[in-house]
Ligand code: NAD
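To begin, one chain is listed below as structure tokens, in the form predicted alone.
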């Protein structure tokens, strides 16, 4: 089968790889869709020695598809079942896994599509514990839920107690910086699960209407004076939660300056920026954290919410042969929603 791989550092391309067979406890998934993520661009552009991976490996960590073979000792899954594939591949025995934080497993520095073979091909083989049944959801649409949906969900769960406490006595305000792949879901989780007024910040004017349609109560355009304009939007007390899905110097500093006392700042975006921390900034008793992914239990919650029909999954689909174009659209920021590559819509099987 053909796969889109990082053949060597800064040398991606198509290559033939063997069809995999499931071992005991594993299922083989015929890939229906693979979401492309900004971290993929980091892998594609990284020089040798920058990342702790061996090349080559197949790219693509947001995967959904249909079970197409089960190994011995697999229960509860059968051929034809639509499933989402967890991004991480935990060990299930380390202290993080045992406490339900499998997104911080000692092995999660390496996984499908980042150091190990991912989903940009016809089949993947996965431990049965790492798939979530999709029910009636279309697997070609659901792939972004495994990372963009789940990572943003995890960040929102971390700030929900702050927002609930604020709403219990007055009003809660949340800011979402960047309404692209992850931020678009964060707006929705906030509106579905909290009483917060949601202020979105977006760099692209064409995404303003989309942010409003997803539930944002107010949308600010990024650019000059962002911190000042954010303060005007959230009020003098600051925002009870700021979720930064961009992560540049400007956005991190705007988040730190505008988070409320007893609030929270989540730095999720891989913009590799930095912010100024000093006494009084962030405000007193404001938490600042840097989340990674989501535990499998939260991915199940994301899928359950999507199954209610109340979650908008924004995607632009690309044929397998057009994966290079899809990555270029991702690089240039010209996508409306998540790029999803459809392996069967091309020549992934040849």
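On a predicted model such as this, the values are computed, not experimentally measured, just so you know. Positions refer to the first chain, counted from 1.
Another form, the form predicted in complex with nicotinamide-adenine-dinucleotide, is not on view; read the next lines as being about it.
Contact with nicotinamide-adenine-dinucleotide in the predicted complex, defined as any heavy atom within 4.5 Å, is confined among 257-265, 74-82, 146-154, 166-174 to 146-154. Screening 190, 201, 243, 86 for any heavy atom within 4.5 Å of nicotinamide-adenine-dinucleotide in the predicted complex leaves a single hit, 201. Of the candidates 238, 180, 139, 113, 180 is the one whose heavy atoms come within 4.5 Å of nicotinamide-adenine-dinucleotide in the predicted complex; the others do not. Taken together, 38, 269 and 330 are fully in contact with nicotinamide-adenine-dinucleotide in the predicted complex: each brings a heavy atom within 4.5 Å. Although the partner is absent from this view, residue 207 contacts nicotinamide-adenine-dinucleotide in the predicted complex, with a non-hydrogen atom inside 4.5 angstroms. Within this chain, residue 56 is remote from the site of nicotinamide-adenine-dinucleotide in the predicted complex, having no heavy atom within 4.5 Å. When nicotinamide-adenine-dinucleotide is considered in the predicted complex, residue 292 lines it closely, a heavy atom lying within 4.5 Å. Contact between residue 194 and nicotinamide-adenine-dinucleotide in the predicted complex is not found at the 4.5 Å heavy atom cutoff.
Annotation for 221-237: the only interface residue with nicotinamide-adenine-dinucleotide in the predicted complex is 222 [heavy atom within 4.5 Å].
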